[in-house]
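Just the one chain here, laid out as structure tokens, in the form predicted on its own.
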Amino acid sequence: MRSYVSKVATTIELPSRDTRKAALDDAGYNVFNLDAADVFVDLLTDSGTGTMSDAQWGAMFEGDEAYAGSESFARFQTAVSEVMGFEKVVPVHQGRGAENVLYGALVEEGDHVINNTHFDTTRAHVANAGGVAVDCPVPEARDLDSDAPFKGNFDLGAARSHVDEVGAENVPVVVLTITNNSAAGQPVSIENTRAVAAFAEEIDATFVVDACRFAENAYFVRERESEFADWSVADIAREQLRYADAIVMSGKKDALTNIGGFVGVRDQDLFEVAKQRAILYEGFPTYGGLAGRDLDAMAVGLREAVEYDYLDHRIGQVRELATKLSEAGLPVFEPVGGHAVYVDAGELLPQIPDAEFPGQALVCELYREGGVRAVELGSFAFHGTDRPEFVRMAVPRRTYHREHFDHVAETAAAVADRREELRGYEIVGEPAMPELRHFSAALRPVE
């Protein structure tokens, strides 16, 4: 059984209710605009918010800050090769930097990119390159009552229908996101991965795996896909990734760091293009906008992420929170995914129409009630798409303890008890790019 002891402690305090109400109003009812000091338990994201290990901190002292060809890069490159199977790797400052480098090289005006489900920045990068983002989740991804083990899978039937409609020549990229963040963090089977790889080869498309949570996905494969019941998590991860032509990776997830990411490719020509784009947008291809010490921390974190005991503890925390929230009266999406608990705000707040963002209403009330920051991933975040009105509570890695989850559950129960009093919200200001509006838009309660 994995456990942790604290070597450094940070004090947090719950602001008063009046302070929380004023902060939410000042933030335009958008929790992205809250100061972290005004948040008690922060479940906004698991991206870069976790706690690094003593081994990672120790590795940072060995950081080689040479501009080109550092020893830190060599150690990082070796780790990516051994853990994930990609020798051609370009570091970047974080996952969206990887998306910019890769999709900017692969997608042109009018191209269609098919994904099991695009996340927000992925969708935005496809749109920014002039492409059209197409989601093909399996039908079970929308069914809260289904106990299907791999709700994150890619719907090949839907993808083939789309290719028949637009032509294979207009689909240069097929993406598989593991785990499927926008579909409640649900895992993807290796059987499905193999089929998607074959489909991409059939239509002559580059097969990209969004590998941000590749280790968590491998844990679920070991647990749920009988072929791999006796495999190590590390071996499962390499097996799943070996079918990809390229990967994009946020080191802020399953490399267990607070910053960083990378692109991995197999094709030499694409590698050269990716390096040039990295020079333009990120930095020289052996540091990619990162300090050498950050590369060393990622190298250690990648190896820690595929340890079974680490993953068992990490996913166990997510499941514990899900149980507590369900007992508090919230409709939790099941089976529970890897990095977060997803709540169906549409079911909890049927009096609020989708156009008035029931998910955002729940997010605001969780903060107002108990200083808990979650995030809406429904019609507010994913404008123009057809998806459930999810609220995500993402669990930072190796950071919170049981008393924090108890507080979240008590907050959720108090909100659920007066759910009928909650009202919706309307947007009063938003950026020009709808794919990114939830990061900075301002709202107000509907009168």
Ligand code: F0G
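A quick note: this is a predicted structure, and the numbers were derived from the prediction, not measured. Numbers for residues come from their place in the sequence shown, where the first is 1.
The next section is about a form of this same protein that is not shown, the form predicted in complex with this ligand.
This ligand in the predicted complex comes within 4.5 Å of a heavy atom belonging to Arg392.
Proximity of Arg373 to this ligand in the predicted complex falls outside the 4.5 Å heavy atom cutoff.
Interface membership of Lys151, defined by any non-hydrogen atom within 4.5 Å of this ligand in the predicted complex, is ruled out. Though the partner is left out of this view, Ser70 does not reach within 4.5 Å of this ligand in the predicted complex, counting heavy atoms only. In summary, among the residues Ser53, Asn30, Ser379, Thr45, the only one with a non-hydrogen atom within 4.5 Å of this ligand in the predicted complex is Thr45. Though this ligand is absent from this view, in the predicted complex it lies within 4.5 Å of a heavy atom of just one residue from Arg277, Arg314, Lys324, Arg96, which is Arg96. The stretch from 117-125, 362-370, 234-242, 330-338 that comes within 4.5 Å of this ligand in the predicted complex, counting heavy atoms only, is 117-125. Taking a 4.5 Å heavy atom cutoff to this ligand in the predicted complex, the contacting residues in 198-235 are Asp210, Cys212, Arg213.
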